[in-house]
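Single chain ahead, by itself, as structure tokens, in the form predicted on its own.
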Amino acid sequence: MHTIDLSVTPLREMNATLQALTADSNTRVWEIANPKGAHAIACGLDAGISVTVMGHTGYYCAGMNKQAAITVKGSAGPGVAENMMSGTVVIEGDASQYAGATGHGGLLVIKGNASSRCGISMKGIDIVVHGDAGHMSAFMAQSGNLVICGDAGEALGDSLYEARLFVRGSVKSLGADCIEKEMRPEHIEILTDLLARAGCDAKAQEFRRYGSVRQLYHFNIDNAY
């Protein structure tokens, strides 16, 4: 394992070092010491490496990740794993606003709670929140899966497209065009796999599924000016 200490190494240099790694690089396990809430830690990685951040992070940690497995031993600020393409990001604490925003793929696991707009405009990413998620989570979510093992806040799934939402606890309110849907065997299978990959011992049968009623994003002449 190779350690980069942010108390002596500039953030830009740390990111450049990790971004330069390829599939042929020998050192594949990295540790980031003394993050102290810095922004944009471990962004833009594109190699199958393992990175552990030893503390809290600021804005946009692990953004645009491809292939890498990134673990934050603390909580993450706004925009963690934004626009992720693949790989895995695990937050062992809480995540602030818009976690996993616009993500196209990969798995984001939040072992604490997620703040508002978790999964906003998600486009294929899978997100598992072990705790609660704040208001307007999955706003305009297009595809992928958002799993909330606790409670969901107001306006869940507002203006939803085709993402699947699974909630084990209560839902304060549903957003426009979002309804509860039948939990079929294929959804149990998808959810069981996601929970196992996220290290969550909840049972898929304990969840309810929500999705789009598909009346908002189709053209309706009655809505024309």
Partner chain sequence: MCGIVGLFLKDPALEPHLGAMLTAMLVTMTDRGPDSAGIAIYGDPIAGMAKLVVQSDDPATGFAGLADHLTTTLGARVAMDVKSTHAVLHLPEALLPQARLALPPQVRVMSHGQTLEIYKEVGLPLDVASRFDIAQMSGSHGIGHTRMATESAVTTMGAHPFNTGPDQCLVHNGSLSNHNALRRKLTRAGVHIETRNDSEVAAAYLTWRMDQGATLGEALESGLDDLDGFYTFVVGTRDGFGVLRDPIACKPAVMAETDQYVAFGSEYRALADLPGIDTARTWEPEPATVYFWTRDNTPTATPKAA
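If you're wondering where the values come from, they're calculated on a predicted model, not measured in any experiment. Residue numbers count along the first chain shown, from 1.
What comes next is about the form predicted together with the partner chain, which does not appear here.
Residue 38 belongs to the set of residues with a heavy atom inside 4.5 Å of the partner chain in the predicted complex. The partner chain is not shown here, but in the predicted complex it comes within 4.5 Å of a heavy atom of residue 135. Within 4.5 Å of any heavy atom of the partner chain in the predicted complex lies no heavy atom of residue 71. At least one heavy atom of residue 56 is located within 4.5 Å of the partner chain in the predicted complex. For the partner chain in the predicted complex, the listed stretch (176 to 184, 156 to 164, 56 to 64, 191 to 199) containing residues with heavy atoms inside 4.5 Å is 56 to 64. Taking 83, 121, 88, 97 one by one, only a single residue has any non-hydrogen atom within 4.5 Å of the partner chain in the predicted complex, and it is 97. Contact annotation for 162 to 181: no residue has a non-hydrogen atom within 4.5 angstroms of the partner chain in the predicted complex.
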